[in-house]
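We begin with a single chain expressed as structure tokens, specifically the form predicted on its own.
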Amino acid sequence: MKMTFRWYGLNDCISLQTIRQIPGMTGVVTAVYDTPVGSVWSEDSIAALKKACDENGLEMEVIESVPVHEDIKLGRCRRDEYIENYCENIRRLSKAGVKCICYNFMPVFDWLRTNLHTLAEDGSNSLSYNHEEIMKLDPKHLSLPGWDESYTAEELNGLLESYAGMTHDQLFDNLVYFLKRIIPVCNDVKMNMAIHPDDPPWDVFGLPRIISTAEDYERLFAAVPDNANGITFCTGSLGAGRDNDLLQMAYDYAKRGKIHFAHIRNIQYSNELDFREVGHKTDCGSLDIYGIVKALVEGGFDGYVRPDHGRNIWGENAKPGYGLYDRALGACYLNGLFEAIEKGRK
């Protein structure tokens, strides 16, 4: 197992010098942010990230993410052009030492929350989701935390209209089309693809979600049966689906070598759909983080891990979910779990 930390590049307010001081941290998970979705990343931009990581003694073996252009998800006529660009990005990243790419195939939104600063009793704040609030929104006049600056109203309405009538099967077929063209390139350069589950794991605004359950994973693995076709095991996203057995999934997919990357975080259920994000420790929320880590270890997991969304604590006013302090605490907690469970087995 390698412990990593999400880093938003050279403009991130959290420096690599700070990240390297977190005990047990081996590397960062990053991306190129100066290039439009669907375009080829410049070798200079990739090299600049790599150089900064090397100078701070941190590996850059995971990229999160190389975004998938909406034309690929929609199956439009330009998808082959964008897929070829994606393949070139895989080749260029491999040359820089990257071994795993985390990506998603969620239409329009790759995550949804209704509040980015939900206040807890201890004074911390974190992201939360309230389904009733989502259902009250007019899809043609959306205002969503974290997305208001990503799309203009016209762009968002146009995208939603493009997906009108798209079925789960159609979106899944477009994912398979994409994977069957990039996986041979991955095999050539020894790159693993780790698809991130839907967040939250149910349809919203009529947009189909297709990577939300164990059944979805089995369908994906059957359609593209290749070792490079794996998953990002995100406990928070999968955990929002109350029917998902995270311990069984963690063990089974680790045993089969399908978990290339793990995002580990905890959430607290409010009811059957609502949740808020909490500290990583098991007793902070509704997920058995100890049990999940134990299942990963017993399944033989040896991929990359990162502490996922953290709270804003100790007066920090950071990018929601991506402050320093709580994620650093989460990394230390997770490192402790892995060490204790691994040594206990020996």
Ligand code: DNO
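When you see a residue number, it is the position in the sequence shown, counting from 1. The model shown is predicted, which means the values in this text are computed figures rather than measured ones.
The form predicted in complex with the named molecule is left out here; the points below concern that form.
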*asked:* Within 4.5 Å, heavy atoms only, one stretch in 174 to 182, 76 to 84, 116 to 124, 101 to 109 touches the named molecule in the predicted complex. Which?
replied: 101 to 109
*Select from the listed residues 209, 263, 258, 276 the one whose heavy atoms reach within 4.5 Å of the named molecule in the predicted complex.*
263
*asked:* Please identify the residue among 56, 282, 65, 45 with any heavy atom within 4.5 Å of the named molecule in the predicted complex.
replied: 65
*Answer with yes or no whether residue 306 is in contact with the named molecule in the predicted complex, where contact means some heavy atom within 4.5 Å.*
yes
*Contact of residue 338 with the named molecule in the predicted complex (heavy atom, 4.5 Å)*: no
*asked:* My question is simply whether residue 322 lines the interface with the named molecule in the predicted complex - judged by any non-hydrogen atom within 4.5 Å.
replied: yes
*Heavy atom within 4.5 Å of the named molecule in the predicted complex: which residues of 185 to 205 qualify?*
196
